[in-house]
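The chain below stands alone and is given in structure tokens; this is the form predicted alone.
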């Protein structure tokens, strides 16, 4: 049975999904994930009334939860089948992690800020997510202990593609990462091949910087 809080946001969630469709998101699995995951549980209480706007929102510690269209676009580009092992760099609020948990077999996620990781963990527990492994650390180094991964998503901007992440892909696996300066970037898709890697620039984006050994210095 839906709780009063869940019913309160039901109409707004449906309107967001319709807006994502109008903006070109066609992958029905991605849209269903947005319908399944309560975004209001992944934002601070002070901005919960805006949880289903197609807009980024502050989550504290100088970080933001990305615009829903950006999350949807990331996930649609990956074209996950439900069988993949996925690594996410930048847990943030945990909302994208939760979406991934509906689209992949297993999700590994790394967050630099311990307080954000703790808040995301509480949201995972509240939504009953059981196929996510989480750690606090330098996301630019990946999580080599559980590599290789079929897909890696980087939710922060890097000056170049972090080499450890490419090396943690399966052959045929793909990495999505914003590349550029601290203010403007281009979303780049990297595919690992037997011969090396293939890169494709996709579209202009704006993300907070990836702080770490293979990212920006704090």
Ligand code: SAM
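Every value quoted in this text rests on a predicted model; they were computed, and no experiment measured them. Numbering follows the first chain given and starts at 1.
Although not depicted, the form predicted in complex with this ligand is the subject of the following passage.
At a distance of at most 4.5 angstroms from this ligand in the predicted bound form, none of the three residues 105, 147 and 173 contributes a non-hydrogen atom. Look at 173-181, 187-195, 44-52, 66-74: in the predicted bound form, residues with non-hydrogen atoms within 4.5 angstroms of this ligand sit in 66-74. 116 is the sole member of 116, 78, 98, 86 with a non-hydrogen atom lying within 4.5 angstroms of this ligand in the predicted bound form. In the predicted bound form, residue 10 stays away from this ligand, with no heavy atom inside 4.5 Å. The shortest heavy atom separation between residue 110 and this ligand in the predicted bound form is within 4.5 Å. Put simply, residue 208 is close to this ligand in the predicted bound form: some heavy atom of it is within 4.5 Å. Proximity of residue 169 to this ligand in the predicted bound form falls outside the 4.5 Å heavy atom cutoff. Counting a residue when any of its non-hydrogen atoms is within 4.5 Å of this ligand in the predicted bound form, the hits in 68-103 run 71, 88, 89, 90, 91, 92, 93, 94, 96.
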